[in-house]
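Only one chain is given next, in structure tokens, and it is the form predicted alone.
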Amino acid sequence: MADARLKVFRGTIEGGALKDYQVPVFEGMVVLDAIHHIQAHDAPDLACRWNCKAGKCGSCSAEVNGKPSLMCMTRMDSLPAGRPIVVEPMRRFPLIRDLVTDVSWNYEINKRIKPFKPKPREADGTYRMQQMDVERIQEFHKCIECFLCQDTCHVLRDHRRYEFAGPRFMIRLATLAMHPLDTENRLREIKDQFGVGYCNITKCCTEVCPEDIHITDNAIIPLKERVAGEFYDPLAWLWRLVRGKKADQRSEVH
């Protein structure tokens, strides 16, 4: 079969450039296969992360023709024929070498999220949840932490790198905030510490998610609505004020 021309970034944070490679193409080939061919025949020192080659570990994240993608799930025949295929590291994260970036910032964000705190068990020692509540958050558990959504988020890339936790952690916060057994009130932290207000719902994170999680519609927008209702809705303020006064009156009577 015909060869494909790949332009692969080679270098470190101190500098680098795209380097040309010719790779034979076979049926069903993915970009990660091409990278492995380059390592085997042309550049054994080419650094890249990968593990499962099945789209489930999230290790082989890169930018293919400028789009954040999993290399193991990007088929060569899905890319424009007759044009070079440009493979670069994720731009959002500090470069280590070649296609490998330092994603440790994400784990630091994760440490700041308070853990799940369930309510007490029922009298029979079990927990009970409605099926609709289970299904609502089930989608979020599909996340493989490839961090493609973090990479493509222009808020993280260009504006609020430290104030906004990013789409991946909006998913985790939504998983906890919408869990019917969780007793933590996380809304102030979602607003102040994790910066949900900075997201302008362009849905670029949803577009690159390899697990087809509806990050914007099902996680971020509901979190925004909850925060708005808690902190910015004057009717909600009034209701809490009235409810608080009634509670005080009842306590005075007793």
Partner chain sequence: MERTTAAQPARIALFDTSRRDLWWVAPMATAAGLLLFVVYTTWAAFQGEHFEWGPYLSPFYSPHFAFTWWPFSPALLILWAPGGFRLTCYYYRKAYYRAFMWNPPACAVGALNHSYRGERALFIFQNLHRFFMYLAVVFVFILSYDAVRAFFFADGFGIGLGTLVLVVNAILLALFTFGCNSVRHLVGGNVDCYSCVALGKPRHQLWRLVTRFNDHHMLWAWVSLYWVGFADLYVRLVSMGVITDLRIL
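Note that the structure is predicted; figures quoted are calculated from it, not measured. Positions refer to the first chain, counted from 1.
Absent from the display: the form predicted in complex with its partner chain. The rest refers to it.
- Contact check for residue 53: every heavy atom lies farther than 4.5 Å from its partner chain in the predicted bound form.
- Its partner chain is not shown here, but in the predicted bound form it comes within 4.5 Å of a heavy atom of residue 152.
- By the criterion of a heavy atom within 4.5 Å, residue 217 is counted among the residues contacting its partner chain in the predicted bound form.
- Contact between residue 180 and its partner chain in the predicted bound form is found at the 4.5 Å heavy atom cutoff.
- The stretch among 23 to 31, 40 to 48, 66 to 74, 53 to 61 whose residues place heavy atoms within 4.5 Å of its partner chain in the predicted bound form is 66 to 74.
- Checked against its partner chain in the predicted bound form, the residues 121, 91, 117, 142 give one hit for a heavy atom within 4.5 Å, which is 91.
- Contacts between stretch 97 to 123 and its partner chain, counted in the predicted bound form as any heavy atom lying within 4.5 Å, involve 102, 104, 105, 108, 109, 112, 119, listed in sequence order.
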